[in-house]
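Take a look at this single chain, the form predicted alone, given in structure tokens.
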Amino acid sequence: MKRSTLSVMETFKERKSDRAFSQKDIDSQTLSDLLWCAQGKNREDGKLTTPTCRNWQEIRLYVFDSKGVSLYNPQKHTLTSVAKGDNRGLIAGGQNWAADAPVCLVLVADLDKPKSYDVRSQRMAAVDVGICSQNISLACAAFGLATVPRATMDIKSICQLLNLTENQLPLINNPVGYPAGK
């Protein structure tokens, strides 16, 4: 990965929540780098850039854009199409500005991965999702992108669209794009 970015300290300084996006598309290399930062495989043993409780790797990362929805595979660093069409309106959940982002990332906790459905497992999955969302926010700051972590979304419709089970919980989304005016 060859990319000129900010230092760690500059990245933390630049990290902020943005709710206004340019309509400029995110190029495929920038999206690829963002997904790798969010949750990519960074070691030969299969571990990821995002730590998870007991290495459950229970977070599913979905990419919503104007063409459809794809699921990110961190081990292979690939996207697999799971739905056609522009479904970003489901992410907006009444906050229409969120659907203006060229890309919306949805983080789903898959409790079937740890095969544990108790309250502690749910809490740890929520923590793991939060860590992944923070990686997205920091990568966006480093790449000059805008984002904001959100919980608002049409969860029922997203579950139907993605054919999720009752143990696969959409918890956070990050609309992503270039800042408005850029």
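Given the structure is predicted, the values throughout are model-derived calculations rather than measurements. When you see a residue number, it is the position in the sequence shown, counting from 1.
The same protein also exists as the form predicted together with a small molecule; that form is not shown, yet it is the one meant from here on.
Enquirer: When the small molecule is placed as it is in the predicted complex, which of 143 to 151, 47 to 55, 113 to 121, 63 to 71 ends up with heavy atoms within 4.5 Å of it?
Expert: Residues of 143 to 151 come within 4.5 Å of the partner.
Enquirer: Report whether the minimum heavy atom distance between residue 95 and the small molecule in the predicted complex is within 4.5 Å.
Expert: Residue 95: contacts the small molecule in the predicted complex.
Enquirer: I'd like to check something about residue 165: if you look in the predicted complex, is any of its heavy atoms closer than or equal to 4.5 Å to a heavy atom of the small molecule?
Expert: The answer is no: residue 165 has no heavy atom within 4.5 Å of the small molecule.
Enquirer: Residue-level contact is defined here as any heavy atom of the residue lying within 4.5 Å of the small molecule in the predicted complex; does residue 24 satisfy this criterion?
Expert: Outside the cut-off, so no.
Enquirer: May I ask you to check whether residue 172 falls inside a 4.5 Å heavy atom distance of the small molecule in the predicted complex?
Expert: Judged by the heavy-atom cut-off of 4.5 Å, residue 172 is in contact with the small molecule in the predicted complex.
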